[in-house]
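So this first bit is one chain, no partners, the form predicted alone, shown in structure tokens.
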Amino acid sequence: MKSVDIEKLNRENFRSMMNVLSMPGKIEKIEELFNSSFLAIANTLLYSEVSFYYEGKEEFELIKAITNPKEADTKNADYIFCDELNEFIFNQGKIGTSIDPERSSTYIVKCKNFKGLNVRLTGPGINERKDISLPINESFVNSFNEKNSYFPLGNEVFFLNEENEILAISRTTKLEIL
């Protein structure tokens, strides 16, 4: 039986997540835990002081037992995990306050691949602009730009595809439909 150094795996996955968040549109790999990159991310982010909401079909019980986070609804969760991002869930997440902008929700969304709507990314971490495809629709673009219009308030969104690849858009990223 192959043993796994979970702390090392968490550090490497956290580093990959910070790399894609600091350079929106960049793609990195996530190492799996329990045959799931989605659960590996949950194990990296969750601990007893944070709350989460999950809507989907992944088996979260083992991750909950290991990390001991608090479950919350979409309006109060620090991390929102979902198998499919919809506008209702996205608009429910908290955006923080001017004094505590870190009290916002971070989204981790599963997707088949990154193909979808062609958008232009601009903002910090992007050299002028970056044109990519994201698994979103026009309505999401409008909601994302609106929720993130008053920096430092807003949300970060991570997209995780079936190839264990991750990319992110940060609250400082502006989306433009191409």
Partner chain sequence: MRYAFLDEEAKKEIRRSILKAIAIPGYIVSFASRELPVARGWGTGGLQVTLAIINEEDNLKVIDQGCDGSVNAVNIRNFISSVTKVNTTTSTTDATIIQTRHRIPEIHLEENQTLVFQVPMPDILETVEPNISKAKLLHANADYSKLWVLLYEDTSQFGDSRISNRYPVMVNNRYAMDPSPIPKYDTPKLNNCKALQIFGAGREKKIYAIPPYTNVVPLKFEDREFKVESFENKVCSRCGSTHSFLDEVYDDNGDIHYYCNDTDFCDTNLKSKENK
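In this text the structure is predicted, and so the values were computed from the model without any measurement. Numbering follows the first chain given and starts at 1.
Below, we turn to the form predicted together with the partner chain, even though it does not appear here.
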property: Within 4.5 Å of the partner chain in the model of the complex, all of Lys8, Ser98 and Thr172 (non-hydrogen atom); result: yes
property: Which of 53-61, 141-149, 112-120, 38-46 sits within 4.5 Å of the partner chain in the model of the complex, heavy atom basis; result: 38-46
property: Thr74 within 4.5 Å of the partner chain in the model of the complex, heavy atoms; result: no
property: Exercise: Glu156 in contact with the partner chain in the model of the complex, heavy atom 4.5 Å; result: yes
property: 4.5 Å heavy atom contact, Ile126 to the partner chain in the model of the complex; result: yes
property: Partner contact for Met17 in the model of the complex: the partner chain, 4.5 angstroms, heavy atom; result: yes
property: Stretch 57-73: residues contacting the partner chain in the model of the complex, 4.5 Å heavy atom cut-off; result: Thr67
